[in-house]
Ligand code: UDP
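The chain below stands alone, shown as structure tokens; this is the form predicted on its own.
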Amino acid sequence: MKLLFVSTSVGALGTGLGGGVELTIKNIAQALQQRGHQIQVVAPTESVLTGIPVREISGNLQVPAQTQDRDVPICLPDNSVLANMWEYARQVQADFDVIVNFAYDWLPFYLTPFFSRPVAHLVSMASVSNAMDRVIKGAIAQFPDYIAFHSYAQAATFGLTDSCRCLGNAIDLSLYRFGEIATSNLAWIGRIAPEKALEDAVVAAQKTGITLKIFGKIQDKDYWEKICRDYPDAPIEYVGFLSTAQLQQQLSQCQALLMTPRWVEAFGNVAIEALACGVPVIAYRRGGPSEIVRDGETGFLVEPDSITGLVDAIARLDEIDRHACREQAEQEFSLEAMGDRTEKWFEEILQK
């Protein structure tokens, strides 16, 4: 197959602004390219994606949907990179079998019936916008085979049942080394923004006295500075936004990964990155992570927003076998498994 992947419009690939979408595009492209399929990725200027052809498109970035209120009107900036990417896709569509949208944006869903080639959508977030809910549901009503989600918990936020297509996610396991012996550190990974609720992990670290290493892009500087002001004595260390190679080296040495999202995570790529390193995951029982973590076996699921639950789970980490964490990653989240799921999806679209 010849596949055109259209990236997120909120940031260039490789900057971390696109969150989990960046890793998703990279891994699906790699999995399918290894099977002989031809992939081209369309992404904002200055995008970096090693080993995958990228067509860079200039223009102004879109404001992330999760930073706005639910009822905010859909708007495009002047010289919108979103519009420019989809104009390019329209021009070259005849050269591809399927166009795949990875962006949580209104425009590609609206444009789906106007393309002569099928436009498949891997929805990257849970419901955060009334306008997005409406356009996604409209696309599903007209093209039910074209829409996929990462998790059933994510799909449920749109009022959808278990009958929808859920692909999960995957990583290149060869890039993550198993860490059999842990240091005394905890880890937190993600965009530093209010919906990720980093402060809960900071408070848990303060209560346990265990250093929390923080990895990720500071998306909301005011939010980060407020955390630093509110918890000046917390044992935290901001490491920064690292490459996969650098991240896995440090992550593999940590006792556990804390996942504290205030919203419904569509999946939670960082959870499977931790498992691949043999690192248990302590997560709120909310969204995608609740479908990843095997409670009591590869980590712990605690009640949402319960810092006491986080602290209690940290105290039980010696119950988790780190080998079981790596084994789960190998069984469920390999590139091969993801390649099987996405290849089957695109083939079914073409058959219909």
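Residues carry their position along the shown sequence, with the first being 1. Since the structure is predicted, the reported quantities are computational estimates derived from the model, not experimental observations.
Although it is not shown, the form predicted together with ligand UDP is what the next lines describe.
I189 is the sole member of I189, A201, A126, L186 with a non-hydrogen atom lying within 4.5 angstroms of ligand UDP in the model of the complex.
Taking a 4.5 Å heavy atom cutoff to ligand UDP in the model of the complex, the contact residue among F96, F143, W263, W106 is W263. Picking from 78 to 86, 158 to 166, 96 to 104, 235 to 243 the stretch near ligand UDP in the model of the complex, with a 4.5 Å limit on heavy atoms, gives 235 to 243. Using a 4.5 angstroms threshold between heavy atoms, G268 counts as touching ligand UDP in the model of the complex. Contact annotation: G19 falls within 4.5 Å of ligand UDP in the model of the complex, judged by heavy atom distances.
Within 4.5 Å of any heavy atom of ligand UDP in the model of the complex lies no heavy atom of G179. A residue is said to contact a partner when one of its heavy atoms sits within 4.5 Å of a partner heavy atom; H121 fails this definition for ligand UDP in the model of the complex, lying far away.
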